[in-house]
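Heads up, the chain below is alone and in the form predicted on its own; it's given as structure tokens.
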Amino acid sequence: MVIEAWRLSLSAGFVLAAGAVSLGLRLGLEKTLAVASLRTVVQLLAVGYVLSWIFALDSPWLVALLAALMIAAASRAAVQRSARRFAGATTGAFATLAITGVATTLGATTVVIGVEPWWKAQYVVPLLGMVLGNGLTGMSLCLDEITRSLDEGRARVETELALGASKWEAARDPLREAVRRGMIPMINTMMVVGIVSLPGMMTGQILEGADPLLAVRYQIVIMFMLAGATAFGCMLLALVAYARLFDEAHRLRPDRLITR
């Protein structure tokens, strides 16, 4: 079913209702809500026009360029969300997202879904976007946890190193906890999907008239993609942090931490 422009404008009533709540409770969020709503409309319309153009051309070079831009934006967002970071964190996040995002997306399009050609923009772009969106959240939590634990637990780590522990032995528990924290939101989502919430892609397919069971199959593929990408992304970023915050002499380097 096509949503006409005038019907689309009616949806602004929901935002106006949210603004009324803010006014009634004196939350002071009216301006922020208005700006967020305006940005939502402008950004989504811009993306819609760009994707329509890219889908029509269906060029592998345009797909690659758009993927690189998406990965760069996601890596920057992942690092900025953390209260602490280290020199080279954005580059490490970019490399991590590039490896996990591209490998997971192309694995799904070529092996699982069987898209021809494998770089078809209609599949690669939205799937990569979902992987990056979930991956940056997990990686941000992972980065925040590993830098926090090594900063606040500096005395414990340095004591273990002084007593003869290797840098891996001293960092193993913080690394493990960081990866675990990064994976928790994805696991929580998987636990309630289909019961508490219907994911956006599945809902969209159903609203477009697709067979619910077919939509479910696609959603299962996506959830498994996101789980794998998040796990490997958190693990790789934790290892990057480990390599940067410990030196060859098995010393912790808190001077390399940057607090926002």
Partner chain sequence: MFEARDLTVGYGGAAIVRGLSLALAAGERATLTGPSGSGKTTALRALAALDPPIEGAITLDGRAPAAHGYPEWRRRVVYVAQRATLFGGTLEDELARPFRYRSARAPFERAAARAALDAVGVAHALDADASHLSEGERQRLALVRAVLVAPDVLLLDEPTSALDADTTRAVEAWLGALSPAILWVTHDPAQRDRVAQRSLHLGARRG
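None of the values given here were measured: they were computed from a predicted structure. Residue numbers count along the first chain shown, from 1.
Below, we refer to the form predicted together with the partner chain, which is not included among the displayed structures.
- Mapping the unseen interface onto this chain, Leu106 falls outside it, with no heavy atom inside 4.5 Å of the partner chain in the model of the complex.
- In the model of the complex, Arg172 approaches the partner chain with a heavy atom inside 4.5 Å.
- The partner chain in the model of the complex comes within 4.5 Å of no heavy atom belonging to Arg76.
- At the 4.5 Å threshold, heavy atoms of Ala95 stay clear of the partner chain in the model of the complex, well away from it.
- Segments offered: 143-151, 159-167, 183-191, 118-126. Contacting the partner chain in the model of the complex at heavy atom distances within 4.5 Å is 159-167.
- Taking the partner chain as it sits in the model of the complex, the stretch 222-260 comes within 4.5 angstroms of it through a non-hydrogen atom at Glu248, Ala249, His250, Arg251.
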